[in-house]
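Two forms, one chain: they're shown below as structure tokens, one block per form, named structure 1 and structure 2.
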Structure 1
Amino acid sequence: MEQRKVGIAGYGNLGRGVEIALSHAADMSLAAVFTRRDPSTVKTLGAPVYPMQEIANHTELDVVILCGGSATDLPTQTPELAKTFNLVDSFDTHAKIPEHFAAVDAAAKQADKVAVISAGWDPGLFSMQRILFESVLPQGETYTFWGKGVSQGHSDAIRRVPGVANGIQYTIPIQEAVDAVRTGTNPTLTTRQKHLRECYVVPEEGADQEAIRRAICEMPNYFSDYDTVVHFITAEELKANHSGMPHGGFVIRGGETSSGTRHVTEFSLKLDSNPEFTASVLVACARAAVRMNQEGDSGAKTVFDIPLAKLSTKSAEQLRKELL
């Protein structure tokens, strides 16, 4: 099978996940990892490590998978690297997607490269289901539930509360709400009715736990619109029981065709490792980026623009025979 040479830009949890996902991809091989750290301090599963500033010299790469963060890395990295490479990123700051798309599109078109942005599972697989469900059942309502899983933003927020030494926050979909949506009756649900927030907090010695609990539960934007449960635990318990990165969620649409004739479409994910699964989506999209570019396409793309066949290693004939 043809081997595409892949580069990973940024080697944290997501980058390591991409390395694992590439080991299952018969048509791609990891050629280089790029880091802003001292390369001699980065241990991969075998791929050579180079300084990030040398990446543009590696024109042998067929595609680069960007594994930096959406807050500060990707807004500059993606448009910059799209001048040289086909690429995929997981940019997930929803409000800024239009401007990110525009910046990446200009660079990629100029360079005749394909740059897939905002891949992963949300945005990503969940987005694909939302467009599919709405297109098939225009009369209806789509609901997205997240969890049970760790929200990095909410975990950061509780760690900023005075008296908190460490902590983690799980977003949990409320079962009654999921069940109500599954009936297809399209209930009106408040923020509080859809998700619960559960926090595991390691207090500093002598901290006022009741004050911490109040500060968390009343925090605007992050917690005040939710029912929030705060558990106080030790640093050892946090490490032993909350070091995994599970996640998941549901996209459900209830729709009607003729009056009273209801249909419910549902997609769900249950993930042992959020970064490893996200990485697996990025790898499939990297395959698509290379192929779309080989067929003459260029510019910024999202999962809405990728024909599903391009995600697979199988030929069109094989796909029609085995999976249709």
Structure 2
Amino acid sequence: MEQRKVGIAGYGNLGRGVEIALSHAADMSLAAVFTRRDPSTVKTLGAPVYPMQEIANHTELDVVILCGGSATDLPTQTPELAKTFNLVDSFDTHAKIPEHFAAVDAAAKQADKVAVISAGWDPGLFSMQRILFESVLPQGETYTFWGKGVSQGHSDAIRRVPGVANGIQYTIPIQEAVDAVRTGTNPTLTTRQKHLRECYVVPEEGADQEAIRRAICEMPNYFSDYDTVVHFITAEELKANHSGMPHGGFVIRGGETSSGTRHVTEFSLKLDSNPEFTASVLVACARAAVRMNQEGDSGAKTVFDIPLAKLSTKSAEQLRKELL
């Protein structure tokens, strides 16, 4: 089986998850990890570690999986690295996906590379369910609920607020809204009616807690459209009570095929580790990116553009026999 050489850019929770996922991929091997930290301080499961600024020199890599945050890392890293590599990122600021796609598409097409953006489970797997359910039931409404669980992107966003030493954010579905949707009556719900966002923040010594609270609650694209609760806690409390990374959620569509004939479709995930599961999706998309590029394709792609068979290690014959 052909071995694809993979690089990881960023070695936080998601980067470590990608390393684990690659250990289960028979056709892929981790060749290098790139970090903004001192490489001598980064301990991997065995892969060599290099400074991030050296990544462009490693043209031997078949694909790079970007594991930075959507707030400030990926908007610049992805289009820059698409000039050199096939790659995958997990950009998850939904409102900014069109402009991110455009920037990455221009760079990747010029370099004849494939860059899969916004992969993961939402955007990603949930996006696939939304388009599938909508196509099957065109007369209806789709609802997406996240949680209860830790959002990596939102947690990263609050950690970048001035005065925040550390923090974590939980997304919590409002049960009354979920129950209403599952009836198939397609209620009209605002963003605020569907989810609560709960933040646990460790402030820096002497930080203005009210300013931190205001900065979080008013943050556009992340918190401003939601009821948001901010708790200030100690570093010890954060470590003891909030060190796990669970998440999940569901996509529900209610629709009619004829007057009064209702159908409800639902796809759900329950995850012990958000970063490890997200990483597993990124690795499958990295496989697809390499295959698509080998076939002459280039430019930015999303999960909508990837044939399902290209995500799998199995041959077309195996897929038809075992899974169809």
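Each form is matched to the other, and the largest set of C-alpha atoms that superpose within 1.5 Å is called the rigid core. Since this is a predicted model, take the numbers as computed values, not measurements. Only residues modelled in both forms are compared. FYI, numbering is relative to structure 1, first residue = 1.
Asker: Does structure 1 or structure 2 depict the form predicted in complex with another copy of the chain?
Answerer: Structure 1.
Asker: From the list Ser243, Pro187, His94, Asp297, return the one residue or range at the hinge between the rigid parts that rotate between the two structures.
Answerer: It is Ser243 that lies at the hinge between the two structures.
Asker: Measure from C-alpha superpositions the angle of the smaller rigid part's turn against the larger one between the two structures and state it in degrees.
Answerer: The angle the smaller part turns through between the two structures is 32 degrees.
Asker: On a rigid core superposition, how far has the CA of Tyr170 moved between the two structures, in Å, if you could check?
Answerer: Here Tyr170 registers a C-alpha shift of 3.1 Å.
Asker: Cα shift of Arg160 between the two structures after core superposition, in Å?
Answerer: C-alpha shift for Arg160: 10.9 Å.
Asker: With the core superposed, could you pull out the runs of three or more residues whose CA atoms all shift by at least 2 Å between the two structures?
Answerer: Core-superposed, the runs shifting 2 Å or more come out as 150-185, 187-242.
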